[in-house]
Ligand code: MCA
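Before any questions on binding or motion, here is one chain by itself as structure tokens, the form predicted on its own.
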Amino acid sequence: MHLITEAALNQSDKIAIIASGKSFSYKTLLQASQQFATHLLDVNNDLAGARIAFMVDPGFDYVKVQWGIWQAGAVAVPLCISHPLPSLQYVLEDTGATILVISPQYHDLLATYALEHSIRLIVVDRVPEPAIALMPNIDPQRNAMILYTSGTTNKPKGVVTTHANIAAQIKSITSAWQYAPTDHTLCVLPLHHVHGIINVVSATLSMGGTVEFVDSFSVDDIFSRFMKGDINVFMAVPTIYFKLIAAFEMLDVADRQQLKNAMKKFRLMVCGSAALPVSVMQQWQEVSGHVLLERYGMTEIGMGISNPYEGLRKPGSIGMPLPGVSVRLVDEHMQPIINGEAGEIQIKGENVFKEYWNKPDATAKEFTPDGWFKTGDVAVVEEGYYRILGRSSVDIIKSGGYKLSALEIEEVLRTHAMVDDCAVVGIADDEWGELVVAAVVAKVGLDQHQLNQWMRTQMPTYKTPRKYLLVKELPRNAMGKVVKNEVKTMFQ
């Protein structure tokens, strides 16, 4: 029995999932997933690592399909429900998926492609309910899932995690963040990323909690669900918190107080997937009474570092290594940092992925000879807490002989009353090596000259942007991360 599905045996009559106005017990979920696994198996005893892609809306069917794939011995390949056909085609071809499972609304998009490429197409609401077959025995070291990286610098890579990797990722956060069967969490995150799949859905269900899904993102809907008083755990990305804060400020005084009282009763609120601006953290504390728990993770490792569940959560910090995760900082020569300077984060542990799918060279490149995974993120340790300075490739700007943190400059920019958001990047320059520039989402009337003069009163001149570009919005990926390579092109 898989780690996640074990809870279904112990919590059979408890509500596992709430979606589209319906509630589903663990018993119902387990039975439906086993029936689906039986349908997948067809005449086989074990799908033996076959890749099964699925484009299924968040909710009961999504979890049923995912659990069914795992129980049938196959590898789950979640597809992004908002991606166009070329992006989906890339994943299907790269993984060599032999089965494609879809919600009915994606039939027109994918049916012809599946037929032309001899891929078995299963529409999730047209599956029979057969007598449950004997499920294969799944070795923990078998491949379980392939998730794709954002691919902001080159083509996305398929990150392969085993059942043991997923179990380690779940065990680490459920222990550190004290998940319990009484947890009732609201899922507003995409389910083709580790944040939604592992932290929200899989970890909660592994402990016998309840996951409630939204049909589509709506601030009013989220607030109304908060007000009901059932939800006690919420996880989101900074852009979602930013939208919730803006909406909260539009409410009248009585509604604000009522909502704040409801949110104060939550057990935990978490933020991740992109750097959390200190200003957003402070505003959310005023709105909800909660200091957001900021953590650090990525597709390849699940979660690696986190602020504590109990104890000081430091603004601007990602915290300390999670249980079972080893972390070190190294310099450019791959030597461990011991004097408190900045270095690349490297991770080792059972949580770390197995390999990039069909890319042995890329896999070897990202690991040290002694098995440390090279994250590409640069950090410093301050009083035991890790603070991210940025990704070495895009957030560490080498200008005029200095190594500058784009994230540090962004934090200062956001404290200006007229700046709503910003992205700082380095662009090639003959004189400086890289020129520090900033794309700024600002209120009407911002004067760039005054902003520049103000920045020079806030930090050393060599750190301040040399150029500003006022934009209506910043380019972001599905998880809300700013795509900085696209920001760079704005200055060309």
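Here, rigid core means the biggest group of C-alpha atoms that superpose within 1.5 Å across both forms. The shown structure was predicted, so the numbers you read here are calculated from the model rather than taken from an experiment. Residue indices: 1-based, along the sequence shown.
Just so you know, the form predicted together with methylmalonyl-coenzyme A exists too; it's not on screen, but the next bit is about it.
Residue heavy atoms within 4.5 Å of methylmalonyl-coenzyme A in the predicted bound form occur in exactly one stretch of 175-183, 97-105, 194-202, 119-127, and that stretch is 194-202. Under a 4.5 angstroms non-hydrogen atom cutoff, methylmalonyl-coenzyme A in the predicted bound form has residue 432 among its neighbouring residues. Residue 155 falls outside the set of residues with a heavy atom inside 4.5 Å of methylmalonyl-coenzyme A in the predicted bound form. Although the partner is absent here, residue 360 is not a contact residue: none of its heavy atoms lies within 4.5 angstroms of methylmalonyl-coenzyme A in the predicted bound form. At least one heavy atom of residue 401 is located within 4.5 Å of methylmalonyl-coenzyme A in the predicted bound form. The listed set 233, 77, 298, 379 contains one residue whose heavy atoms approach methylmalonyl-coenzyme A in the predicted bound form to within 4.5 Å, identified as 298. Listed residues 211, 292, 160, 303 were compared with methylmalonyl-coenzyme A in the predicted bound form; 303 is the one with a heavy atom within 4.5 Å.
Although methylmalonyl-coenzyme A is not shown here, in the predicted bound form the stretch 240-263 places heavy atoms of 240, 243 within 4.5 Å of it, in sequence order. The rigid-core alignment places the CA of residue 436 2 Å or more apart between the shown form and the other one. Residue 265 is not among the residues whose C-alpha shifts by 2 Å or more between the shown form and the other one once the rigid core is aligned; its shift stays under 2 Å. Figure legend: C-alpha atoms of residue 409 and residue 312, shown here, are separated by at least 3 angstroms more in the predicted bound form. Relative to the shown form, the CA atoms of residue 389 and residue 429 are brought 3 Å or more closer together in the predicted bound form.
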